[in-house]
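Take a look at this single chain, the form predicted alone, given in structure tokens.
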């Protein structure tokens, strides 16, 4: 069975990649693209999610904005259509306020399979190391810091440490020559350092240390096409997952 997809935010950088990448799968079909801006080469382009026909769409993939994704979620909830949301700046609480508990929604800060696995590996390692810090590096057009992926990674490690009844050793730094030099503190008081430079896409290092040894878990997305396979996985899964699924971890 071919899954019929509408892509919202199709004129944007990520939207264009999703349209191209998802079209390459035999079991997925892009039936409509949605954006207030014209989508070059689109044969079925509409300017609003309200212009969609629920009978023609199985899943809506949204890489627009927080406001745009909220409108998408409300339309999907009313029309019984599943949604995969990759728009940044939207929290699980905001999603729950826009849809009822029976809506089928996958919300993820990162659709890279490698990034999700790196987060899982970091959580496995966290109870065995006394200290850990995160360095996340992104392109210079990214507006938020730290990244959602780094926050999720810190949270996963903090949960693993609490389950193992292990706490993070206190930071030995007692004097900051420059305020903020030690980064921001994520969950579990794990330092997160954000880098924004042209030429980067999405990269993260989780650096562990204990007496006599260290461990670094690094993931690199060299191109935004790395997110397509994760979105395809979410599209295939979302209609069988009532409620809100946050992140891809449960799907892998």
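Predicted model, so just to flag it, every value in this text is computed and none were measured. In this text, rigid core is short for the largest set of C-alphas that superpose within 1.5 Å between two forms. Numbering follows the first chain given and starts at 1.
Beyond the structure shown, there is the form predicted together with a small molecule, which is absent from this document and is the topic of what follows.
Enquirer: Using 4.5 Å between non-hydrogen atoms, is residue 96 touching the small molecule in the predicted complex?
Expert: Output for residue 96 is no: heavy atoms all beyond 4.5 Å of the small molecule.
Enquirer: State yes or no: in the predicted complex, is some non-hydrogen atom of residue 14 no more than 4.5 angstroms from a non-hydrogen atom of the small molecule?
Expert: Result yes; residue 14 sits at the interface with the small molecule in the predicted complex.
Enquirer: Is there a heavy atom of residue 144 lying 4.5 Å or less from a heavy atom of the small molecule in the predicted complex?
Expert: Yes, contact at 4.5 Å.
Enquirer: Could you confirm whether residue 150 comes within 4.5 Å of the small molecule in the predicted complex, counting heavy atoms only?
Expert: Heavy-atom contact with the small molecule at 4.5 Å: absent for residue 150.
Enquirer: Considering the small molecule in the predicted complex, which of 185, 36, 195, 54 comes within 4.5 Å of it through any heavy atom?
Expert: Among 185, 36, 195, 54, a heavy atom within 4.5 Å of the small molecule in the predicted complex occurs only for 36.
Enquirer: Heavy atom within 4.5 Å of the small molecule in the predicted complex: which of 108, 103, 158, 122 fits that? Just give me the one.
Expert: Going through each option in turn, the one that passes is 108.
Enquirer: Pick from 59 to 67, 208 to 216, 187 to 195, 22 to 30: which stretch has a heavy atom within 4.5 Å of the small molecule in the predicted complex?
Expert: In short, 59 to 67.
Enquirer: Please check if residue 223 moves between the shown form and the other one, taking a CA shift of 2 Å or more relative to the superposed core as movement.
Expert: Residue 223 C-alpha, core-superposed: shift of less than 2 Å.
Enquirer: Residue 37: after superposing the rigid core, is there a C-alpha shift of 2 Å or more between the shown form and the other one?
Expert: Shift of 2 Å or more: yes.
Enquirer: Could you tell me whether the Cα atom of residue 46 shifts by at least 2 Å between the shown form and the other one after core superposition?
Expert: Passes the 2 Å threshold, so yes.
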